[in-house]
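Here we start with a single chain on its own, the form predicted on its own, put down as structure tokens.
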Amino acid sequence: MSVRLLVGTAKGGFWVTSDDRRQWEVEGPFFKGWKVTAGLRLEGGGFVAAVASEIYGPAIFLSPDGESWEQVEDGPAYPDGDDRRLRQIWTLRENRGTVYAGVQDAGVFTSGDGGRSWQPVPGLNEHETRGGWMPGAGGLCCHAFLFDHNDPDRMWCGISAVGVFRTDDGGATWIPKNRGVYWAHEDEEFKEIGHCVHGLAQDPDDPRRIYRQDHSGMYRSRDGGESWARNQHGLPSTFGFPVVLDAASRFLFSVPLEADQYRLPVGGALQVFRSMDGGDSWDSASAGLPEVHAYGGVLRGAMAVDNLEPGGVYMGTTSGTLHVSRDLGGSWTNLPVILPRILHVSVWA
């Protein structure tokens, strides 16, 4: 089966496609010179892409085929005169026909018409704790969404460096869910925030089982975020950004980095760690990846799985290298391409 990747970089977007023989072809860049920060294939067909410029700001583009693109005029935006600035769109997700955009400065916007128009989510954007929200090193960004397929009114979002929030009423109200997670900075007034979540993943059969790569380590919740416990046995470092879960095998994947102050691959080797037991233990699954002088990390949006059988895992680094495993991390292929700094990877079969 052929696989298509949308790779967003600091200088444009690229299509990376394999045929049935797993021969890879690279096309691009499109949006040349722009940061491509998020991509989404709509359930009804077509694509949504988010771009950003230090001069012109962020924008949303739509495409029926990934080749021709049209800019959306009514994109996510805070009101004129607001002290918040919409600097970047970090993630795009779709659930039950609604598209969600997580943005910086942190907030959530939704679209019910495939990305052509957008509305704010006041329950989160005007949250009572907002006065205590502090940015992480990457900014004050809403970068992750999870959904409960059993309950259309329940979803989660992750904000760096604030924490995880959950809504049980379709987005009207949001409650911080960070008990058990060590805080990044303690807020004197709002004790339930100040947690720097980096990445979230979710079991497809049990939406209450959530995995969380946090600034302070790797965590797991079995109760929808009501409580969290560390699950990092075997990891060479507890710091990192992405965590992804393959829906078919339930394998988890992460890319540890050496400490907050360094943010480099541990020992100069690009390593992926895999858990085959729901996070109880982790082992290296790095055969074929660069073992020496590898200093590019993997950002929170730059790792993806295709959920096929056998499953494919895809990741891009801050050094612009692109790596593919078609056997759930058993072995890796380093694609013969050096791209700009890779910010985002999406995959579709």
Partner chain sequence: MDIPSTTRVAGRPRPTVTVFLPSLLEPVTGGVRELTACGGSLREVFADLVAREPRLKPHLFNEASEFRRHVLCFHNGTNTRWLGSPAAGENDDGQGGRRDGWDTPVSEGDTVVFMQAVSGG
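Residue numbers count along the first chain shown, from 1. Predicted model only: the values in this text are computed from it and were never measured.
One more form of this protein exists, namely the form predicted in complex with its partner chain; it is left out here, but the text below deals with it.
Any non-hydrogen atom of Met276 within 4.5 angstroms of its partner chain in the model of the complex: Although its partner chain is absent here, Met276 would stay clear of it in the model of the complex, with no heavy atoms inside 4.5 Å.
Pro58: touches its partner chain in the model of the complex, heavy atom cutoff 4.5 angstroms: Pro58: yes, in contact with its partner chain in the model of the complex.
Close approach of Arg84 to its partner chain in the model of the complex, 4.5 Å, heavy atom: The answer is yes: Arg84 has a heavy atom within 4.5 Å of its partner chain.
Close approach of Glu70 to its partner chain in the model of the complex, 4.5 Å, heavy atom: Flag for Glu70 set to yes.
Residue among Phe147, Phe190, Tyr78, Trp183 with a heavy atom within 4.5 Å of its partner chain in the model of the complex: Residue within 4.5 Å of the partner: Tyr78.
Contact assignment for its partner chain in the model of the complex, among Tyr314, Trp282, Phe31, Phe47, heavy atom within 4.5 Å: That would be Phe31.
Contact stretch among 299-307, 314-322, 58-66, 37-45 - heavy atom within 4.5 Å of its partner chain in the model of the complex: Looking at the partner contacts, the answer comes out as 58-66.
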